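This document starts with one chain, in the form predicted on its own, laid out as structure tokens.
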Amino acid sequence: MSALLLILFLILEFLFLGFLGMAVEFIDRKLYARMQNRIGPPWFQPFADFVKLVAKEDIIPEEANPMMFKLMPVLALTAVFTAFLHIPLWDSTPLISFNGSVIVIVYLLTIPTLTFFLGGWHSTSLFSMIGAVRTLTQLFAYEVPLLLSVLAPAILAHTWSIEEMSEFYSKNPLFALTNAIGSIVAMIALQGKLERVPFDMPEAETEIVGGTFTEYSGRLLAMFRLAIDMETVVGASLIVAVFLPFGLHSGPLIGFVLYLAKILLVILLLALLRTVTARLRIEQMVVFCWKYLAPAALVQIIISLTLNWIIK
């Protein structure tokens, strides 16, 4: 009976994450449109797009690897959902908590990017393979700054558990303010991980059609799109849990409302970054991450180590 309840809970959790991901996609597209003085899509557009894709036929290219082609969207969804289970929502306690969960979350969020690469590479389409190579190139650019920016607060909190980190900074809000540089780095790196402007080179429709997903259609493309929406929520939730752990002891209802508000704040900032920037070239993105983002993340680590020394 307990196993059935656990399965039911996981299904409900997955549906909630999927619904929230589509809602976040609508909000992001609406904000992006309004900032450009456009009306934007109706509230049901992400849901309509998902239903339309699910109703279409899955077409697999003749030269593609069928198993890899079909498996990658499923693996992307699974990795994102598993990462979500490690992140706290209305308080500091996630469903799965252990010392080292921060590193596991970052690792799990790397898997969807690898599935994008493998899916595009095994499509054997020229556009897909170019997009896949760009996806992997970007991974080596933003992943280190993202990891360093998230680990810096962990050093100051003396823990690798996201639950204990959230609890530490909720009780010591002044220490949370010292992670400002890391929060900016994490925000920009998340933009790269989600392959959004100015880091949307892997799916540059004006250059390589649809990039990695050029040959995908039907349910497989719907799963990839859903995985990206869900990854947006999980990435924003990670930033909220690490850098904005305020109001964690306000009760389940107020805590959940605060969680949604903080998620919307992160989405607003991502949409603003998307609006005011233009697409970079792939080598510009790599240089920017290693020349500016990585050193900024190292500065945040030095600040955390210095504060640790002062406190002792």
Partner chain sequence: MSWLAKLVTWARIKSPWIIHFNSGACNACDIEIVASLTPRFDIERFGILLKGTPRHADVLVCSGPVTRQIKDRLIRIYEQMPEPKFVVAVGTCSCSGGVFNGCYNVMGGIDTVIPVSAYIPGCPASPAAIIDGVAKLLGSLQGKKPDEKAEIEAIVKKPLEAETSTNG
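Residue numbers count along the first chain shown, from 1. Predicted, not measured: the structure shown is a model, and the values here were computed from it.
Same protein, other form: the form predicted together with the partner chain, not shown, and the subject of what follows.
### Residue contact check: F256 to the partner chain in the predicted bound form, 4.5 Å heavy atom
No, F256 is distant from the partner.
### Message
Contact with the partner chain in the predicted bound form for Q45, defined as at least one heavy atom pair within 4.5 Å: yes or no?
### Response
Taking the distances in the predicted bound form, the answer for Q45 is yes, it comes within 4.5 Å of the partner chain.
### Message
Residue-level question: is F213 within 4.5 Å of the partner chain in the predicted bound form, judged on heavy atoms?
### Response
Contact with the partner chain, yes.
### Query
Is there a heavy atom of S217 no more than 4.5 Å from a heavy atom of the partner chain in the predicted bound form?
Yes, S217 is a contact residue.
### Task
Sort through V51, V287, L280, A261 and report the residue having a heavy atom within 4.5 Å of the partner chain in the predicted bound form.
The residue in contact is V51.
### Heavy atom within 4.5 Å of the partner chain in the predicted bound form - residue from L77, L221, A141, A236
Spelling it out, the residue with a heavy atom inside the cut-off is L221.
### Task
Tell me the stretch among 101 to 109, 181 to 189, 202 to 210, 159 to 167 that has any heavy atom within 4.5 angstroms of the partner chain in the predicted bound form.
Going through the listed ranges, the match is 202 to 210.
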